[in-house]
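A single chain, nothing else alongside it, follows as structure tokens in the form predicted on its own.
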């Protein structure tokens, strides 16, 4: 009860200061409680901070809506991809047998995992909607291993704050906080609609964040880095898309 009362107090304070005395004071309050996103600077920083802080306080443990099998989209949209690299083509030709997911950074046991290893771990599926900032959406069944399980295997150090996840395709990476990383619906996805995850949808391995917009669901994931500081990555805003002007926390 004490924790809930404190959370309610902070949330009320954020909303009140944003509405009455402006975003600057609300941002100050978010800083005080460590609720500032990596793109919290610049002209849009106060708004990004208020959005992230309010979401984390109010929806930290909430679940994305799950649908019934009859609601799965008949023709899910595989958005256009850049031409694959020669390295990717070699993996694809060998049916991704040698594909590895490397995990490093603030972990006790850095490791790499094959897709078959990941498939051998406890799995979960959910039928959820994915949406793009361009306006399209579709519903699909996503099958994979909870990211939290793989993080348990490598032993996340207590001061880790973020998971940075990279695609094999150049300049395609994002990051999430530990609340999303440990969320039960966040999957290292290797299946879709009862079959292997098609390449067009990110196979052999895609990060699936049900509570974030499409560009946070990076395809062709092959590396995770645990860190307490996102400044050394890219421009320091937390992702390739936020470096380009989109929001780092793209909650839906």
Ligand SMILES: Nc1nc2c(c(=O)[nH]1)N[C@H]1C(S)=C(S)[C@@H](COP(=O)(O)O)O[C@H]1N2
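Residue numbers count along the first chain shown, from 1. Quantities reported herein were computed from a predicted structural model and do not represent experimental measurements.
Another form exists, predicted together with the ligand; not displayed. Remarks below refer to it.
When you look in the predicted bound form, the only residue of 47, 184, 200, 194 with a non-hydrogen atom within 4.5 Å of the ligand is 200. Proximity to the ligand in the predicted bound form, taken as a non-hydrogen atom within 4.5 angstroms, holds for one residue of 81, 102, 153, 178, which is 81. Remark: residue 219 counts among the residues lining the ligand in the predicted bound form, judged by a heavy atom distance of 4.5 Å or less.
Within 4.5 Å of any heavy atom of the ligand in the predicted bound form lies no heavy atom of residue 108.
Proximity of residue 167 to the ligand in the predicted bound form: non-hydrogen atoms within 4.5 Å are present. At the 4.5 Å threshold, heavy atoms of residue 121 stay clear of the ligand in the predicted bound form, well away from it. Heavy atoms within 4.5 Å of the ligand in the predicted bound form are found in one stretch of 156-164, 128-136, 89-97, 143-151, which is 128-136.
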